[in-house]
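Next up: just one chain, as structure tokens, the form predicted on its own.
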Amino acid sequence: MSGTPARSMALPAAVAVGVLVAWAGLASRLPEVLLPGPISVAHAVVDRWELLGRSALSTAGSAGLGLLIGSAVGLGLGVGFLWSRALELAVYPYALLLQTLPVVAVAPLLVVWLGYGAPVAVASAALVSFFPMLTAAHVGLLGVDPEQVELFRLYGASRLQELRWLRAPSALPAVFAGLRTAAGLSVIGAIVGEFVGSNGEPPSLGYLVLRSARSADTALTFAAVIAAACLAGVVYWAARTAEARLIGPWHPGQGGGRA
């Protein structure tokens, strides 16, 4: 349909305009310390652009490294579960328990073990991104046509060959779905780690949110929150773009949409 691209852009834009109008109307009736208006937040972004940029880069680095670590551990365990039922039975319950623990409760312990600074944010990001990747790898690697598995084994393929040529390609859609989830969670985990473990060197979005809120600089708090949301969106977009380029040409679910 020829009007679909324009409509897909117009509808989100209309919602954004509506939210901004409602926000401005509500802010005009409240003290700025409680709810700054969009213009005040825009001024804070312009005036503190350098600080926001450096903070966003620091948080992005922690989130990216945590996502890399969590993804590597999750994928490795997913392969381990495929090859060893005993390992799955022994470890999976504890992985599930780790996922149910709120990272806010674990972060103070990370400060005790790792000290203040970026390592706490990296560890928090790794913790929250680990389980989605483990689950995606586990489901994807097992979700292969049994007849194809039997065919590989009939021809004497090793477990590594079966993994490389059959299970890994078949698991890519599930793995990328898990990566998209883990990417957004990694930013949240990094910011939570910065709430409790950042000393302001280097500046980070989590630290900036807390410091500005404590000093009643609500406009800067909103600006930092918006920067964090934009960062999460960029990380998600990067994962989605990698998915489209790697498996979009052959996976039927990547190019589809509503008729």
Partner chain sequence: MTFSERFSTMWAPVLFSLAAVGCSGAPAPGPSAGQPIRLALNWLPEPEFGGFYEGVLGGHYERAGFAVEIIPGGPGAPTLELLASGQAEVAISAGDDLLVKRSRGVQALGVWAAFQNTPMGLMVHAESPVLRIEDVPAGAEIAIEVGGPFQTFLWARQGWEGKVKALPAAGSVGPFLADPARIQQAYITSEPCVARGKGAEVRFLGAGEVGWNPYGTLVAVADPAPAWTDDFVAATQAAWEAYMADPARANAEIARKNPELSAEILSCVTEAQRPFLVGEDGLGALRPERFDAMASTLSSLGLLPPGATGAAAMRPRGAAQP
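Residue numbers count along the first chain shown, from 1. Please read these numbers as outputs of a predicted model, since none were measured by experiment.
One more form of this protein, predicted in complex with its partner chain, exists but is not displayed; see below.
Visitor: Just one of 62 to 70, 225 to 233, 196 to 204, 38 to 46 has residues with a heavy atom within 4.5 Å of its partner chain in the predicted complex, so point it out.
Guide: Heavy atoms within 4.5 Å of its partner chain in the predicted complex occur in 196 to 204.
Visitor: Answer yes if any heavy atom of Leu82 is within 4.5 Å of a heavy atom of its partner chain in the predicted complex; otherwise answer no.
Guide: Flag for Leu82 set to no.
Visitor: Indicate whether its partner chain has at least one heavy atom within 4.5 Å of a heavy atom of Gly76 in the predicted complex.
Guide: Outside the cut-off, so no.
Visitor: Any of the heavy atoms of Pro102 lying within 4.5 Å of its partner chain in the predicted complex?
Guide: Answer yes; at least one heavy atom of Pro102 falls within 4.5 Å of its partner chain in the predicted complex.
Visitor: With the partner left out here, check for me: in the predicted complex, does some heavy atom of Val112 sit within 4.5 Å of its partner chain?
Guide: Yes, Val112 lies within 4.5 Å of its partner chain in the predicted complex.
Visitor: Can you tell me which residues in 33 to 69 come within 4.5 angstroms of its partner chain in the predicted complex, by heavy atoms?
Guide: Read in sequence order, the residues that approach its partner chain (within 4.5 Å, in the predicted complex) are Val33, Leu34, Arg48.
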